[in-house]
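First structure 1, then structure 2: two forms of the same chain, each alone, as structure tokens.
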Structure 1
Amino acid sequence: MNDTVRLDLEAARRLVAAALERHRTSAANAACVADALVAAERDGQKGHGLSRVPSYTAQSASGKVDGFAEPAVVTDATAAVRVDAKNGFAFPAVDLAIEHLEQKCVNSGMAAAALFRSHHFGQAGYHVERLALRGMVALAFANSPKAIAPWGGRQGIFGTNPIAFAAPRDGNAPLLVDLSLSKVARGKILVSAESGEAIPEDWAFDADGNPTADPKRALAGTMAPMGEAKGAALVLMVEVLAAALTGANFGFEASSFFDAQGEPPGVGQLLVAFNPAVFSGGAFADRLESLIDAMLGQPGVRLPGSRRLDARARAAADGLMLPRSLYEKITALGA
């Protein structure tokens, strides 16, 4: 039997949405989550893609995530908005934040959105890219359940805390930078644990602080920050921006994104958007292209995020290739 299944993008969205709707999630929220997970799978970010469906459905079924939550704006200032995700999935709350950011940037030149009582943010680049497609330069910061120890420590305090940046380009896909501040995204270790594959020893530490190639021991331990001590300092910075500034739970206070036990994670995200015309006097597009031309003039240089465009084109033409075991698991969840 073939161990993979090919699905076109729309079929994948229907598959994910059906599984979520069967597990105490509204049709609108299920569609929003499905769009985000399929986009991650399409872009080659499998750790934020369809591998998340079993844990998402388990959490909505148990009530750890409120699948019927309707996010709400609780503070609406001239250039800032605070969004309560109401312990639901993060993606509907992000959609609400993006609509407000676009409106505020027209008048204020820049705006920020703070999200709290939130959940897994998924592929951070997905959110800032959407802002860039609307003409804004955007930043995103998110915290997550504990996975990284302070430099020199052994106990997890911070999450892997992704950051992302996107800028619009005339006639081209946005420039995109999307980084987990761990050496790799924790979702990649989850995928390896499910497949039984070993991981490189410099990705993570076991519970005793020793490097490990066993993904299950890594999930019970801590992740290695990229850049060692400097990376750990950046992780701290994002924890402050995404949790302290938004009034959300810190990583060491948040329950896991991967199981249905415990209280809602209650993490936070911060989105910041700039109107480039206001800040640059209309020079932004030309200035950015001059920079990109200088970079690409050197042999062997690729723009950050360009691999996602290659993966996206392949997925549009050929569909998604899923492990049969995952496909059957998601199908059963939606039956």
Structure 2
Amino acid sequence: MNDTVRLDLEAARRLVAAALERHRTSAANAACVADALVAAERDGQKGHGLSRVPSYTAQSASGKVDGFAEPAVVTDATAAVRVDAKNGFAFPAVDLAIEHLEQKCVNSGMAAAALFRSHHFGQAGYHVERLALRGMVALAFANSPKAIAPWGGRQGIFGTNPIAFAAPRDGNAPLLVDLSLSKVARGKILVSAESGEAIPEDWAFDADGNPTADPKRALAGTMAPMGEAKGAALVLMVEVLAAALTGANFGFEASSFFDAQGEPPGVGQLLVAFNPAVFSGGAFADRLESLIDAMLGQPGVRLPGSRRLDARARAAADGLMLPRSLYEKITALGA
């Protein structure tokens, strides 16, 4: 029995875009979202990939996401831009921000973009990598619906709040760091809950704030941050940068990224871009290669992001392998 379907990247994009266009989404927005989801799938980031299509289309169909939204710059300062995503999909707003950041970095040395009334922005590394491909060193911070409690507390307030970072390299893919600040992805706990297996006690807390090995209790509680109290402080930092600084909703105010119920999540993202030539006096490219050489000179060391590049190379050669059930679901959504 063949339970996977092989699909080339362009076919995958068309498939996703068709599903979105059938669900109250403009052709331009559908194409932009399809690019991002296919890039995540290609990079092995399946949680941000084509598995999202059914929930995305449900949200655009219900109006929780405005598929026709045209993101707009509402503040344009010399080194700062504020983008209203207008409760549409996040990706068109990120694309608009990237255009502005590039121009501002050329003119001013650096800039940042604040996005609000935004939604799930997927693989955070996708955005910083695109900035790095245009020559910028880039940071991204995002918040997401509540999953992590403040350190010492019991109730979730913060999202799993990714940090992503990319730096351009001559003749190589950008150096990429992309991590969420939970110790493990919630998806891992979902898998254990389905199989009935215990989870390590340091992955999550139950609703009383105690460590738990029971995945069902964990799902009713909160996710452990990576790095314990220090990690929890970073989660707070990202929440402030991505939501307070942008004027967006906090994790505890945001509705789910997955279901079609309720108000739009209205989360925020902050992108920061640096022109490395300006800050380093021209030394950046050589300095970065010296560091990478020192790292790779040690046996057993790989650069962060290597698995993603491996997956990307496999997808370029062999196409995407989709579960047949998902392929059929997306096909039906676009029919």
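One-based numbering along structure 1's sequence throughout. Under this definition, the rigid core comprises the largest set of C-alpha atoms superposing within 1.5 Å between the forms. It should be emphasised that the depicted structure is a prediction, and the values quoted were computed from it without experimental measurement.
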Subject >> Between structure 1 and structure 2, the form predicted in complex with a further copy of the same chain >> reply: 2
**OP:** Spell out whether the Cα of E194 moves at least 2 Å between the two structures when the two forms are superposed on their rigid core.
**Re:** yes
Subject >> Rigid core fit then G152 CA moved by 2 Å or more between the two structures >> reply: yes
Original post:
Is W203 one of the residues whose C-alpha moves 2 Å or more between the two structures after the core fit?
Top reply: yes
Subject >> Value in Å for the CA shift of A185 between the two structures, taken after the core is superposed >> reply: 3.3
